[in-house]
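The structure tokens that follow cover one protein chain in two forms, given apart as structure 1 and structure 2.
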Structure 1
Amino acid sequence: MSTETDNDAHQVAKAANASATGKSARKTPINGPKLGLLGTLRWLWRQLTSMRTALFLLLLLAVAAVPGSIFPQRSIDAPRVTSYLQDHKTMGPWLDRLSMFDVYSAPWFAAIYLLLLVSIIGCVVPRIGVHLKALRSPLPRVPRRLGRLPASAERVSAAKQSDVVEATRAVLRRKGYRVRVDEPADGSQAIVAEGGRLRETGNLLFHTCLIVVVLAVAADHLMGWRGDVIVPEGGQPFVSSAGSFNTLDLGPWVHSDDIKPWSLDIKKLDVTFERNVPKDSPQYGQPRDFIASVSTQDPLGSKPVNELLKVNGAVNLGGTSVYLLGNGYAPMVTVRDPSGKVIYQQATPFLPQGNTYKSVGAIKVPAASPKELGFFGMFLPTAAFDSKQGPISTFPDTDRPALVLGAYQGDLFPDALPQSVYTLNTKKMTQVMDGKQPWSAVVYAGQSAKLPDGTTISLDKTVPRWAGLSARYDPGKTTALLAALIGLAGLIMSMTLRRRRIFVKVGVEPDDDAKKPSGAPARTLITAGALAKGEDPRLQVALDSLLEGVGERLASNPKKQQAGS
């Protein structure tokens, strides 16, 4: 009994020792080779240039662009950014520190953009070298057992081997395959064909064009500029310069002196509205056409050129494309002080608010004394008054133009910050009162209204229009368009072409006395196989179509006949 106990104790101790040895072995660290600085940099480069990283950066760039559509951007609407900061005194400064109002110029956005560009270039350029080497590589040999390939088929023909080989080569070349004919030692003939090599070419072309598009967009951002301006009809010609635009957004590499001088004079702005339908029709009053007759000088001092500026037809001046974005009314307003002196006289643009061109705006008279004067209100092309809606316009054309105004006195520009020409900042202003009621007036064309202090405001009978012009200099626009079209063609190639290799053996059919009549001539055995790079569900269909095409070509010659298997 003691012997068995000793044996059991020995086995337990042995197992415990083995377990301890295993644990000790597992705890022993594995000393692999160290990457070192060069190896670490190579590993980081491979991670950055992988397709997975490129897709992640592309998604990250899309997410990073979202704040640009949520928060107002300084490059588009600086007054709105100023108003946002004034309304959100706690959160606004933090958002400004994070560049939420300059998203597309923010360092973090530029970092993502540059990483994406480097990732795509590092991914595409090596593949171009590999693909060029593959295009020059010779076709492989014919496998011994074609039946083991993913797609295979056999046919028997009464035609000669040379005729079958010639027909097969002709059909393959017609389908765009690269063909080579071999003659093995066993007396048969073998055909190797490869097609769809342009699939990878199209894929690389698409990614290369994507790089070009990214670079072109970057060139537009860095070296391009955009300026918007409102030009009244029949007024002074607009001359391009940094100070003449209402809003100007220059690229980081653009200086104000880089804007080439040219002039544009709007002689007449023709706007056509629909009148030939019932008034209760939704089409009544809808705009039908906007055409501006302009006179341009490029460069300044050259002979004026008469051109037509349309909504979808830009005018090119000094490499700058000038677009007609919008239009409205700029009623000619005259303000006189109590002594009759003219202190304001100019066409003042009002901003349309609907299809009937009911427009809002502000008339700012800084020359008024002792306090600056500002009018606010609306312009009605065809004025009418509704019991529920109040002042309205029943038609967008100037059938009965009128101004509906109120007034404020005080400091027009309290914070010395940019503000919209269509709004009045009343932060440090008081409303003009007529007794105990706020002063208001309706001024029809050719009439005037008087304020309590004797100041008068009048509206001329003729109401000129204004045109909203946008001048854009995009140095990469044409390049981006061409790259996008070529990239689209490459994408179609990569999605429609299939990379396939087809192998065909043409030899004499083996003797089979049970099937072959005595004295019958030997027939030709066609054995074919095919494989594809990646999944190709139509590989067998393509192989069968090839053999059917060979059979039809042989049958089309009366001297050659084909027999089914």
Structure 2
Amino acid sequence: MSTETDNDAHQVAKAANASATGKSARKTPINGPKLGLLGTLRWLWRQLTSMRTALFLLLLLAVAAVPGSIFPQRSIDAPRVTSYLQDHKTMGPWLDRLSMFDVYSAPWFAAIYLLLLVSIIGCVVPRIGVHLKALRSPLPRVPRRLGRLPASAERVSAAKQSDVVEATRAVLRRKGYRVRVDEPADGSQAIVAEGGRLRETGNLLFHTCLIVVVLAVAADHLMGWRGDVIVPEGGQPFVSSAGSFNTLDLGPWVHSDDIKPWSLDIKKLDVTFERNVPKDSPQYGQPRDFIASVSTQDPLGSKPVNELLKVNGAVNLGGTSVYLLGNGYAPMVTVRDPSGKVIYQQATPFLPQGNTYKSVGAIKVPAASPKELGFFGMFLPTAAFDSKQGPISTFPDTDRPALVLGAYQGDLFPDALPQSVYTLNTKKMTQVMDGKQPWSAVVYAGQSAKLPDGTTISLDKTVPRWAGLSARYDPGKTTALLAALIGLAGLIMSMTLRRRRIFVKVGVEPDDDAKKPSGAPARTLITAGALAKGEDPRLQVALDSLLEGVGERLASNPKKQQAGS
């Protein structure tokens, strides 16, 4: 009896799995009798699904995840990986060979979590079977000597035996116990109760949900996609298609036709920066709010809808969620040829390099003649000049906007390959000179600068911003969330419920009791014992409080007691 109840369900599962001898896996000798192929496989399977292996794999997973947080990761910040490799010429390639820059897609990392997944499935599935059987199995019989159980108690009562039984049954039922009343031959009655069966249910629910979460995340990885794009404020609406995103990251099972066409027009982007702190505070100039007023068409050609797109507030278009993840300035630049004809007029996005939005970029003027013209340099929202660092920006908002530029002439697109909009490819270009010095100029808002040949470049007074948008399609996210929440509920069940068996015998107090006042009517003797699965420090407390509850119930129903039910 006690061996059966002491055994945890896991061991029961293993025993059910194991050979007829019911030997537990960890006791199987490694160099024991020849197992044969099937036997070896079965042995391996039992090893893999054992608690010890799960424990080992969990610790291994924890250790394996760490390097990814220490070394830069390609999937998160590829430029940092490149610069790390440049700085560490000997170590770098070795680390790269060990996938230290792609930890979470490395084969060894996958091996750990796949083994864990197999282990957990192999562990949970048989346990579900065992548990379902246990839920329907009859309650055990009352052990002979309740005093030997881990918790026990004895009480006497003047109440009638049947009332005590009835009260005990009622109290146990209210606590959610499964109860059976036995009538052994000797005239006494026995109550067998079992509670906390939902603990194992909760535990199985938790482990099953864990499997579902992993599968949902895998589904996102395989079937999801992400597209990033920069859209200037007040410019052309963005129309989604496989070719229109600046970068597109498709899962292995995604087809580029799956991207539905919709459009998004950024009418205005409001950004607020912190000014209400001392200038030397690290919080000075920190961004406080980004809000974009947008007009969208979903599907393309339908009636435009006005919406607000915020950080932390995505809009849903064509099955994807579109997020506002970045912003910067797209200064309006006009270039005129020496005759005054406009050859370039465009909001040109510059890429911010830090908290003060000092931004780098390039202005490409293919319409210039006789040679194509390209400007490179910086946009400074609040320009200032530092004796050491040169041109800097002291505040992220456009208090004193300026462009600091140099120029190249020649072939802008030498090898007809796609190139970054923020840099010039100067392979087939020569720098524009002003006498012996390279030409350079600072152009403040509303002003212009002249190249030696008479070409002018001017900067508009108002500087539009651009918004960095990210469209995301994650088909598994709802499943993952639901499974996680249900799993959490299961976890709480498995942590708070206690699996207990309680046995109560109700009989007549024996006459030979020395303490019994002589001549008094026979009283009812109640003996109780309790047993828990696993450790349960509050078992005795629970038993005592149960009996207290029985006493209270008897006391609160005196009438019924008198009437003798």
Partner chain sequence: MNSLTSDLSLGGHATNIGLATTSNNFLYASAVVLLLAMLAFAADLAGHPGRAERAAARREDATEQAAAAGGDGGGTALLERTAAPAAEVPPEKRQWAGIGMSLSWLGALLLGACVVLRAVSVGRPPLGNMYEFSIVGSFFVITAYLIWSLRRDVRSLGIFVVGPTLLTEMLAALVFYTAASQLMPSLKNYWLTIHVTVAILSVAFFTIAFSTTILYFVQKWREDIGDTKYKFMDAVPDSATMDRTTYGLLIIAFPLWTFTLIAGAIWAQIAWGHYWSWDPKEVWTLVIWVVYAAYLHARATAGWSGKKAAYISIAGFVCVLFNFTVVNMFIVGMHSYSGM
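Residue numbering: sequential along structure 1, first residue numbered 1. Because the structure is a prediction, the values reported are computed rather than measured. Rigid core: the largest C-alpha set superposing within 1.5 Å between the two forms.
Looking at the condition given, the form predicted on its own, one finds it describes the source of structure 1 alone. Positional change of Val254 between the two structures stays under 2 Å at the C-alpha, relative to the superposed core. When two forms of a protein are overlaid on their rigid core, residues whose CA moves 2 Å or more are considered shifted, and Leu531 is not one of them between the two structures. Relative to the superposed core, Gln236 undergoes a Cα shift smaller than 2 Å between the two structures. After superposition on the rigid core, the Cα atom of Lys89 is displaced by 8.0 Å between the two structures. After superposing on the rigid core, the C-alpha of Phe376 is displaced by 3.5 Å between the two structures.
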